[in-house]
Ligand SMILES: Cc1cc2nc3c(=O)[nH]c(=O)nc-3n(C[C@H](O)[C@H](O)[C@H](O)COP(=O)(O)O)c2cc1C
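Below sits a lone chain in structure tokens, taken as the form predicted alone.
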């Protein structure tokens, strides 16, 4: 079945993309406005795209055309944010922060979450998250009047102590992080506990089998 994106509506394209490009990691973004008020919201159009420089990217849209979400507005004004990753334990609180609360409502308080101070940026990190990335705005690519790609340079990372196998060698116990990913529809997610290993094949090894 061919779907010609040039003939489809935005909603139809969205449905196709989120139903097929799965699972997607979740950026649980914490920002702070110029007055110090916090905002937290999850975004699943997200991934890491570079190690040098270390860059993460997430897509953000407005509530309606011309109505910028708090996350985007705060990053535009302050240039800083944290990206916290979501595990099974924090899935329900994350879902609460996805509610379209008005700006004066503290999503973290509504979800019963606590924060810890960051070391390089002003916005704090979510204490319950097993991984948090401190980020500075690298650039923002405006896609249209209400949608943009936010590129953040990672300046520091926090990993829960019991998930670090060897700090000197940067070895992380990834399965113990128990992270989840976004799937399709209005509320489907996946666990990373169901995994399999498929080692890369060196060219030299491939030549010996052909």
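Numbering follows the first chain given and starts at 1. Quantities reported herein were computed from a predicted structural model and do not represent experimental measurements.
Below, we refer to the form predicted in complex with the ligand, which is not included among the displayed structures.
Residue contact check for residue 71: one or more of its heavy atoms lie within 4.5 Å of the ligand in the predicted complex. Taking non-hydrogen atoms only, residue 56 never approaches the ligand to within 4.5 angstroms in the predicted complex. In the predicted complex, the ligand sits within 4.5 Å of a heavy atom belonging to residue 94.
Among residues of the shown chain, residue 77 is not one whose heavy atoms approach the ligand to within 4.5 Å in the predicted complex. Figure note: of the listed segments 37-45, 168-176, 137-145, 152-160, the one touching the ligand in the predicted complex, with heavy atoms no more than 4.5 Å away, is 37-45. Within 4.5 angstroms of the ligand in the predicted complex, the stretch 175-190 places a non-hydrogen atom from each of 182, 189, taken in sequence order.
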